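Two forms, one protein chain; structure tokens for each follow separately as structure 1 and structure 2.
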Structure 1
């Protein structure tokens, strides 16, 4: 923990993400969520004492919409990252530990899936899904996010299983699932944590991209859907900066926090980077 506090990037990134998550959780208690409903307020008003971030063309209070959209976007990113990394980590662990035909099948499946343009598949699936929800959006994004964790964790597992302490554990009669749980997983945990941050970043990028195209949950507020409706009603051309700028700033802060956490964890876990720094 002392080393963690010595990494300003990691501490700063976690602080940014915690503040955003707290804003999403506490915000609805401070601002009436009903103001985010269509027609709740007078439309097309710039920021004023009654509406701090103004209102949009649909008659929504932008601040109320932002505070409701923020946790939904974080939820999609976390769910998609967790599902993608969970599936990829499990497959990579099996491939690296069991090797043989299991490794060949999993490795070939991952290599083939990586050649398919993910964004094209995501757009195709999203356009043919009726009743898109936040949870379904996360599953769709995660379905094409397992290949990279699979390859990376397979390589790490192949390296770890040849270490001397694994041989000693085998000589002591430890094998099978017990060996994986007691020897491999604890040593993979730091790498899995760093991979989770990367997976969440990739999932959120894909999610915001799909939502900006109008392929997100139409009946739920997310940051990407706020950008879509702002673009749909020509907020930029009409000079309604207060409509599109807050979600852009929130998305930028999220990615800044994730990038800082990723860089901080790399310095924390990578001895060479820490020495060079």
Structure 2
């Protein structure tokens, strides 16, 4: 555990994400949600003492909208990441533990799903769904966030099941589900954590992309929807930097934090592998 603190990337990334999560938790309590409604304030005003980040053309306060959008976007990412990890981890475990034709089917499915561009399937689903919500968005996006966890967990399970301590457990008469639960899962934990980060990251990327195309929850505020409206009303072309810059900066920070965490975890796992190997 102490080694965790010695990975500056991991600590830095987690810190960024924690600050954002905190802002998302506390922010909605500090601002009046009414300010993020359409027509709540005078439209098209640059930042001023009353509206710290200015207002958009629809008459929303950008700061209020940002603070309300942040937790929604994080919620989608977290939810979709958990779903993707759950599904992917389970499939990977099955494939790696059972091998044979189960492995062949699951591996081919993951390969095929990785070849088809996520955005294509998502666009198809999202255009046919009426009344998109944040929760539904998470489920749709999660349906394409399971491939990387599947591959990673499968590879680790394949290598773990050949370890001597698994053999000993097997010789002691522990078999099937109990073996998986007591011997394999605890040792998979760090890889599950790493897969979780990639799952969240790919889910988040898909979410923001779909929303920017206009397929997000039209009546709810998320960072991607903020970008969509900014793009729709030509915020960049009108030079209204205070409108598009906050969501852009927030999205960039989230992804940089996720990248730092996953790079840090990677190094942690690799040193562990070197020490143990």
Partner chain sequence: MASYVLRRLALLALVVFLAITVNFLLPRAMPGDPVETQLAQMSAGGGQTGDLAATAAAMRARMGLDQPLWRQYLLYLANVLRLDLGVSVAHYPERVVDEIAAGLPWTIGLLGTATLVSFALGTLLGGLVAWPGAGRLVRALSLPLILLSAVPYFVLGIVLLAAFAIAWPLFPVGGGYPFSYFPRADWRTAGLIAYHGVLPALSVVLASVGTWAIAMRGMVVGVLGEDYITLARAKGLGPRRIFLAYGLRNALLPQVTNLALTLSHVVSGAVLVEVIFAYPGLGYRLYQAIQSKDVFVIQGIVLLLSVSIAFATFLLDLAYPLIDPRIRAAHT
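Note that the coordinates shown come from a computational prediction; the quantities given were computed from them, not determined experimentally. Positions refer to the first chain, counted from 1. What we label the rigid core is the largest C-alpha set whose atoms superpose within 1.5 Å from one form to the other.
Annotation: structure 1 represents the form predicted on its own, while structure 2 represents the other form. After superposition on the rigid core, the Cα atom of residue 161 is displaced by less than 2 Å between structure 1 and structure 2. When two forms of a protein are overlaid on their rigid core, residues whose CA moves 2 Å or more are considered shifted, and residue 107 is one of them between structure 1 and structure 2.
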